[in-house]
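A lone chain, given as structure tokens: the form predicted alone.
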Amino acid sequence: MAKIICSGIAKSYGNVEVVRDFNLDIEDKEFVVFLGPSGSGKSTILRMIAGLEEISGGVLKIGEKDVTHLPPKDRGVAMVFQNYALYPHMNVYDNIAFGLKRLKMPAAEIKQKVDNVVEMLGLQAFLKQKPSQLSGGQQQRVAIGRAMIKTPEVFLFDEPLSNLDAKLRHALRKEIHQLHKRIDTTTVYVTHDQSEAMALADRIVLLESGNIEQVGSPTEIFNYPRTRFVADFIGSPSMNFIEGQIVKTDNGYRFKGADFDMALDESLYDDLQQGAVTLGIRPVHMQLSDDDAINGEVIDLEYLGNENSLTIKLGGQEIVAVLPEGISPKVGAKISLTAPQDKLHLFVNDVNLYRVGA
């Protein structure tokens, strides 16, 4: 078993606390992604799990073992870095086999293990080449192979695709996902790229300033963001936020903004009360409408292939709507939009009132 248990983990540099009271259980064979902006603490936490950063407080367990103060070699982990960290003077075979040779493993056993890893990663044609003769994606596969050869209990990935172009990132992301299914090893993956997190994760841990903002499956975090930060960070384009008031009428609750108002289904929210509120609507959930509509002026249109992204002036602000390809109003046109009731989010003091599972 390679369950990871983080209990009250903290990290300080002098008087500067960068991670505080981090608590998380990662199940055996689970693929967990640490996601967040630069400076959120995601790589620092990963490096503490790896043993590359000293833990200032708390307890870290891998399996049944307390590894809080153990060196990296005694933790049963393997790490893949952003910059590949390959030995430039060694060919692919020797780079992958290096760790086993240091353990003085018999040559025949090393060859068998390398052959298995190389076949899995599709590197058979590159065994005699040096890193400088490989593409970025091929180099990263070699780095993954070098980590795999140790048969670790835990795989750690620190932004492994950030140095690659978009097409190669997408291809290698699929390979990592398929590799995880084959080797079935507990995996922790760090990225600032939400598309990577959404594609790879069993669960996402969204971090900000060393704190957990939300933990959940990609579906949960996208559909039920607990805070305005989560709602804004997840999704592309970002969620629209419109300031207004909740007003109770004889016919129920309504949201009133600067230039429109719309009905609210109170069964979808917790503790719905009159007062100031921020309405959140994802661009992909907006629809053309004549009733209960948000009325604005199209000020920009981006053609995205099978859909169009419209920037709309609404009172004193701009919002974005992503509509099907066939809907392409001209710049300057007046447009009316709405969104399904179950796609409207209400934030009070940056906390989402939406009832999860409503």
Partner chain sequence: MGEKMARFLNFNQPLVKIILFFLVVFSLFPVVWTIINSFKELVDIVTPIPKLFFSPTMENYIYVFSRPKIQIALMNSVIIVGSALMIGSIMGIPAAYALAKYKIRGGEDIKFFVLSLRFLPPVAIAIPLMAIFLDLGLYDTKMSMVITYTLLTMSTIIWLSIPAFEQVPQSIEEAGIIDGYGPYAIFFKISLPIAAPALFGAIIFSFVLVWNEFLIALMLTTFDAKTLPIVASEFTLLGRNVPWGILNASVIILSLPPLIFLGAISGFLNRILKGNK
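Just so it is clear, the structure is predicted and the values come from calculations on it, not from any experiment. Positions refer to the first chain, counted from 1.
Quick note: we don't show the form predicted together with its partner chain, though the next part is all about it.
- Screening 182, 128, 174, 101 for any heavy atom within 4.5 Å of its partner chain in the predicted bound form leaves a single hit, 101.
- Only one of 272, 79, 264, 286 lies close to its partner chain in the predicted bound form, with a heavy atom inside 4.5 Å, and it is 79.
- The stretch from 47 to 55, 60 to 68, 313 to 321, 28 to 36 that comes within 4.5 Å of its partner chain in the predicted bound form, counting heavy atoms only, is 47 to 55.
- Looking at its partner chain in the predicted bound form, residues 72, 89 and 150 each place a heavy atom within 4.5 Å of it.
- Looking at residue 146, you'd find a heavy atom of it within 4.5 angstroms of its partner chain in the predicted bound form.
- Proximity of residue 251 to its partner chain in the predicted bound form: non-hydrogen atoms within 4.5 Å are absent; the residue sits far from the partner.
- Taking the partner from the other structure, its partner chain in the predicted bound form has no heavy atom within 4.5 Å of any heavy atom of residue 209.
- Contact check for residue 83: a heavy atom falls within 4.5 Å of its partner chain in the predicted bound form.
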